[in-house]
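Listed next as structure tokens: two forms of one protein chain, kept apart as structure 1 and structure 2.
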Structure 1
């Protein structure tokens, strides 16, 4: 088995394990400081105007009405239209939309090729068409085209607008250049060697069987190598928002459970309030020994 196949196994495992580690880390973080930002998407009948169940008289005596449909609607709206980018940075909306739709198509095609490779490996004929052919060729060209144009437009805007250039971090440019290099290698493989993605399907089928399928092309090797680098790097960059946004939205932005006696939130809050404080600011005067309860008591005296 060659280096490229080992690299594929290692980077796929690194991607999965990195995403799992990040997800577990987010899920087990201490309780956040309540933002009290409205509207909350799951507020039934009140989300449209930014209302809350706290409006109700004696709200603690009444059952809370929430809507999973409201959350799903907002999430799909953001994923499919990038609504917040359009509202807060309209100049970046079209490039971001093209870029994201290109990635959606390419990630979906990768999953389809993986399914096709598995189908070939086990001899399941109904799905073997996903391992390469005309459909995958059109699918890949559309995804690469949208992704490449979107990436170029985003890079031009960040380089061409002084204010945006100053506010961009080095990582912003690293990510865009990494995508351009990946797309260039993918275009090279597509144009010169694997337009139907049959080789990609065969390569993945070989990985599923534990067999080393010859890459057949330097462009294909470059594509697999750079894609592996991207996959193993992605969970540790801010590109991980593709799944960490679940936690920042559901567990922070929309989390509005009341802190009532005997609830899990009360127990978590009591535990956190007993942590030592080391902030040296005059209004806190933490010495590393007194707790947040001590700080609150001192503030009230």
Structure 2
């Protein structure tokens, strides 16, 4: 087993564990005070104009009509059309759309190859139409093509527009360069060696079986190496928005659950209100022993 295989294992595991860590971190954060922002997508019959149950007189006596479908629809629309960018930042839309579609295709292919590898590892016959056919070539070329063009356009924009350049962080550039290098290595591998992604499929299947399939080409090695770097870094960067968006939208923007009997909110809040406070301002004077309730019941300075 060579370094590349170990690297592949480590980075795949790093990706999965990193994503899991982040997701668990956000999911287990304490309940926050309400901070919803309208439109709230699950408001049945009202989401289209941004209305809420607060529009009803004696709203607490009425049944709340919530629709999961509404949330799914908005998220899908956002993921598939980048609606917000289209509406509010039209110049960014085409580059961003190309870039994201490139990633969607490549991510889907990676997942398919991984699933194929797993299937082979547990004894299924290789799906030659997937691992050896034209479909994979077209799929890969399309993903790489869209991703590369999108990345280049995004990079030109970020470098070329003074305001965008100035308001960027070093990480924004690092990500785009990292993508470009990854795509360059992937193109190298695609053009010179593995146009059908059969080698990628074998390599992954080998990993699944615990066998060290030879990478076979320097380009392929570079591709795996950089992809690994990318995978291990992604959960710790703002690129994690691919899954943390669930929290920003579902757990904050659309989190409108009122404190009514049966919701369990009161119980959670009572625990949190007993936490010690150490804010130092004169009207609080938290000493690490006083609780939120203690401070809230005082009159201040």
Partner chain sequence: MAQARINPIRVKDIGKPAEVLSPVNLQELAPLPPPFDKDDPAKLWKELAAERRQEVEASLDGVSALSLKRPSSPEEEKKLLEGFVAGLKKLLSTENNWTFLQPLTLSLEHCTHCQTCAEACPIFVGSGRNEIYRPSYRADVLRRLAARYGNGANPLKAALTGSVDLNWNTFARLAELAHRCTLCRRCTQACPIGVDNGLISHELRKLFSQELGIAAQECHRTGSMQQLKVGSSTGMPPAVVKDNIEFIDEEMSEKVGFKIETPWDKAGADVLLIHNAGEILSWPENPGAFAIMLEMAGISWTLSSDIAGYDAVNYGLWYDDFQLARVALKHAEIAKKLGVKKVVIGECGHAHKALTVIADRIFSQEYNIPRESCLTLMEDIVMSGRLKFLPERNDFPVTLHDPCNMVRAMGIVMPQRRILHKIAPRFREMTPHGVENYCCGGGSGFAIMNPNNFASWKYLVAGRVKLKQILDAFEGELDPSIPKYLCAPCSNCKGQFRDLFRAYNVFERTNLLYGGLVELIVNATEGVPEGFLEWEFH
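Positions refer to the first chain, counted from 1. Computed from a predicted model, the values in this text were never measured in an experiment. We call the rigid core whatever largest set of C-alpha positions still superposes within 1.5 Å between the two forms.
Enquirer: Please match the form predicted together with its partner chain to structure 1 or structure 2.
Expert: Pick structure 2 here.
Enquirer: How about residue 19 - superposed on the rigid core, does its CA move between structure 1 and structure 2 by 2 Å or more?
Expert: No, shifts by less than 2 Å.
Enquirer: Aligning on the rigid core, do we see the C-alpha of residue 9 shift 2 angstroms or more between structure 1 and structure 2?
Expert: Not so; residue 9 is displaced by less than 2 Å.
Enquirer: For residue 252, is the C-alpha shift between structure 1 and structure 2 2 Å or more after core superposition?
Expert: No, residue 252 moves less than 2 Å.
Enquirer: Can you give the C-alpha shift of residue 267 between structure 1 and structure 2 in Å, rounded to one decimal, after superposing the rigid core?
Expert: Reported C-alpha shift between structure 1 and structure 2: 3.2 Å at residue 267.
Enquirer: If the rigid core is lined up, how many Å does the C-alpha atom of residue 281 shift between structure 1 and structure 2?
Expert: Between its two positions, the C-alpha of residue 281 lies 6.2 Å apart after core fitting.
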